[in-house]
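Form predicted on its own, single chain, as structure tokens, below.
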């Protein structure tokens, strides 16, 4: 089977835009979460700066910025006919729906054309696993021989529609979130754009295996038995030497039921002795960008030889003794698993491995 590597990455985040700078900020314990005026309630979120930006085209602008960084990092020509493009987002530019044709397909087409991509873009919009699902989609397109390389971009902006939706579910925390903590009360929202260039047989990092599973439990509630996450983990673990697994980067939204579900899934998968961390305390829940953003930071952390701390965590608040990384620790191993879950019972797991040149 064709190996799929990561040839380049790009980030646009409230903590900075260069992966090395963002990693430095996270390792220093910095968070972009802040209290913002609400609709009508106040809410904690990590939002991108808007100074000098055109709000009507901001979604496409930040997506293009992250994509161009990844393309430059990879040193590729996007107009090569063997290059594909995948856009991940849950809501896209939803605040401008009705003003112009700003559907996700429309935005994806604009971004792809601005990059010079010649092939039709693919949109992945599958709740909170969208970023991970987009990476799996890109990996499969390369393995099938459809493309040699695929540019994958995940972007999410917050809006009154999204914020009030989460407020109606009573899911938002009135303070910075605390993943897996006994005193967690909910999630924080975030904005970011993150991009990867996947390429056949190129890169220091390999996408080893990915799995998408749906437990069909509930429109917004996770399975109480961790069924979907467990089955996604079970699909990727045979491709991994457990001794080589440095950590699992979980979804970790800091909602009561999500964290408990992930703890159950990790227990069922036999991973209670593997370090676990969550990054929502730094960026909030960046939704369609989360799978790519958190994977890039996990890659950079492992390159630095560390497991990042779970900001906000102090006391375990789930039923199983998950090894949550409260403080930064030394990493042992050269692979990690990214785990995500979302509305509608969707779950995903993706195994990354660092090696030499593929």
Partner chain sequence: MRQVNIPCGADLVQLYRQEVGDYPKFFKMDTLSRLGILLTERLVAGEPERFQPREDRAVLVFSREGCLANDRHYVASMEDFPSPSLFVYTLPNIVAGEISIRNKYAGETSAFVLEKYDEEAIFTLVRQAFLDPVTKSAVVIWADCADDTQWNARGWLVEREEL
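Positions refer to the first chain, counted from 1. Since the structure is predicted, the reported quantities are computational estimates derived from the model, not experimental observations.
Just so you know, the form predicted in complex with the partner chain exists too; it's not on screen, but the next bit is about it.
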Candidate from 203, 78, 109, 186 lying within 4.5 Å of the partner chain in the predicted bound form - any heavy atom: 109
What is the one choice in 127, 237, 263, 74 with a heavy atom within 4.5 Å of the partner chain in the predicted bound form? 127
Based on heavy atom distances of 4.5 Å or less, which listed stretch (215-223, 246-254, 178-186, 192-200) is in contact with the partner chain in the predicted bound form? 215-223
Could you tell me if residue 121 has a non-hydrogen atom within 4.5 Å of the partner chain in the predicted bound form? yes
Taking 4.5 angstroms as the cut-off for heavy atoms, does residue 160 touch the partner chain in the predicted bound form? yes
Using a 4.5 angstroms cut-off on non-hydrogen atoms, would residue 113 count as touching the partner chain in the predicted bound form? yes
Distance check, residue 140 to the partner chain in the predicted bound form, heavy atom within 4.5 Å: yes
Contacts from 152-171 to the partner chain in the predicted bound form (any heavy atom within 4.5 Å), listed N to C, are 160, 161, 162, 164, 165, 166, 168, 169
